[in-house]
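The form predicted alone is given below as one chain in C-alpha cells.
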C-alpha cells in the first residue's frame, strides 16, 4: 500500500501543469460566484497568468526521458510536452482576442476553455484507452457548450449538431475500444501484450475495431467523413471560440491519433495497409475541404472547409509512418496554430465594427484601414502555403516527407496524394485570396466606416506576422528543436 501511495504521489508531481490548470479552473468558478465588479478583467488576467506560468513550467520540467504515470495510464515525454505548449499558447491567444466579447464576461467561458486545455494535455499523454475516453470527453463536452456561446438560435443549432455528431463518433469509438480489448486482453495500447496478441490475430474485428476507434479521432481533427458539423459551428459560434476550437481540440486529436495509428500498425507488423488507409483519409479531406470551400461566400464557413483541408495536409505527415513525417507534422502544427489565429483574430477585429456575413463585406477595407487588412493578407497567404511565410515551409516539408516515403515504398496512393495535394494547393488560391482581393482591389462602399485599429490587436497581429515570416527565413530554429524529440510508443 505504501509503495502504491508513493507511486501515486510521484505521478501527481509530474502532473504539476495540469494541477495548476485545474486550480485555475476551480478559482474561476469561485470568482464568478463572489465577484461582480471587474469580474471579466480578473478572470482574463487569471487565465493569462495561468497559461503563462504553466507554459514556463512545462519548459522548465522538460522530460529527458519518458515517465510512466499512474500505472501506465499516462506517459510524460517530450512528444506530449510539445503539444502541451501548443495547447497553452492556443488558450492564451484565445483569451487575448476575447477581451471585447460580451460572452467572455461569464466565468463559465474561462472555465470551459481551461477544461478543454486540461483535457487536451491529458489526451496527449494518454497511453490507455480508458484515459483516452475520459480526456476526449472532457474536451468534447466543453466544446459542445462553448459552441453555443453565441446565445442565439443559430448558435444553439450549431451546438446541437456538434453534440449529435460527437455523440455518434464517441459511441463508435467506445465500441471500437471494446472490440480491441476483447481481442488483445488489454486497454494499454503501448503494452507488448497488445502488439503480440493483435499481430497473431487474423480476425477482421481488428480492422473493424480500429476503424471505429478512428471515428472519434477523425471527428476531433475535422477530417472526412466526420467533418459535417464544422461549417455550422464555425458560422454560428463567436469568432474567438471558433479560433480556439479550430486549433486546440484538433491538435489534441492529432496527437492521440499519431499514437493509436502507430499502435494498431503494430510497428509495421500489421496485416492491414494502414499507410493506405491514412492516405485515403488525407486525400479525401484535402479534396472535399478545398472543393467545398470554393463556392462559399461566408468567410467563417469558408474557413471551416479550409480547416478540413488543413487536416488532410496534417495527416500527410502521419501517412508516411516515419519519424521524419511525424516531425514535419509537428512543425506544420505550430505554423497552423500561428496562421489560423492570425486570420481569426483579424476577422474578429473586423467584426467589432459590423457583421462580416459575406466576403463582399470586406470590399475596400484595406484602403481605409491598412494594417488589419495586411495581417489578413499574410494569414491567407500562409494558409495557402506561399512564400514569404512559414506556411510555404510547412507544406514543403510535408510534401518532401511524402515524396521520400513514396520513393522508399513505391506505394501508388502516396503518389496520388502527392499530386493531388499540389493541385489542391493551387486550387486553394481561389478561395484563400478571395478576401484579400476584396480588401485591396474592390472599391470602398459609400457608407463604409473605417475599421478602428485596436492597439493590442495590432501588436498581436504584428507578432504573429513577424514569427510567420521569420520561420520562413529560419525554419531550422524550430525544426532543430523538433528533431530532438524522440517519439516512441
Partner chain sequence: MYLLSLLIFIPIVAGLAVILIPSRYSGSFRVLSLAVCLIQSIILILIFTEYNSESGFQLIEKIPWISLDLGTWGVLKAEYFIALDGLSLPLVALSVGILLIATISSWTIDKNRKGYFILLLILNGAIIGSFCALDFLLFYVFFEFMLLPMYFLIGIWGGPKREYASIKFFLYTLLGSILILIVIVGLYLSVKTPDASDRVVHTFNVLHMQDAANLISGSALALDSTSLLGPYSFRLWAFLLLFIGFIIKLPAVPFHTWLPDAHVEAPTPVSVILAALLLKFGGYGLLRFAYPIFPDSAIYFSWLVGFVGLVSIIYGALNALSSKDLKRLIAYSSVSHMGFVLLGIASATVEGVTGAVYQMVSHGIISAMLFLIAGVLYDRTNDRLIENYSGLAVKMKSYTAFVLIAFFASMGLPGFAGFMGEVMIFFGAFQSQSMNGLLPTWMAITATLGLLLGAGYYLWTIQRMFYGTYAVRNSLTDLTDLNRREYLMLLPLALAALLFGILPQLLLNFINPFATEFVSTWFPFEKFINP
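Owing to the predicted nature of the structure, the values given are computational and were not obtained by experimental measurement. Numbering follows the first chain given and starts at 1.
There is also a form predicted in complex with its partner chain; it is not shown, and the following applies to it.
For the three residues 149, 168 and 275, a heavy atom within 4.5 Å of its partner chain turns up in the predicted bound form in no case. Residue contact check for residue 157: none of its heavy atoms lie within 4.5 Å of its partner chain in the predicted bound form. Under a 4.5 angstroms non-hydrogen atom cutoff, its partner chain in the predicted bound form lacks residue 40 among its neighbouring residues. Taking non-hydrogen atoms only, residue 19 never approaches its partner chain to within 4.5 angstroms in the predicted bound form. At a distance threshold of 4.5 angstroms between non-hydrogen atoms, residue 468 is out of contact with its partner chain in the predicted bound form. 429 is the sole member of 429, 26, 444, 35 with a non-hydrogen atom within 4.5 Å of its partner chain in the predicted bound form. Interface residue among 388, 71, 364, 225, judged by heavy atoms within 4.5 Å of its partner chain in the predicted bound form: 388. The stretch from 55 to 63, 27 to 35, 430 to 438, 459 to 467 that comes within 4.5 Å of its partner chain in the predicted bound form, counting heavy atoms only, is 430 to 438. Contact annotation for 466 to 482: residues with any non-hydrogen atom within 4.5 angstroms of its partner chain in the predicted bound form are 472, 473, 474, 475, 476, 479, listed in sequence order.
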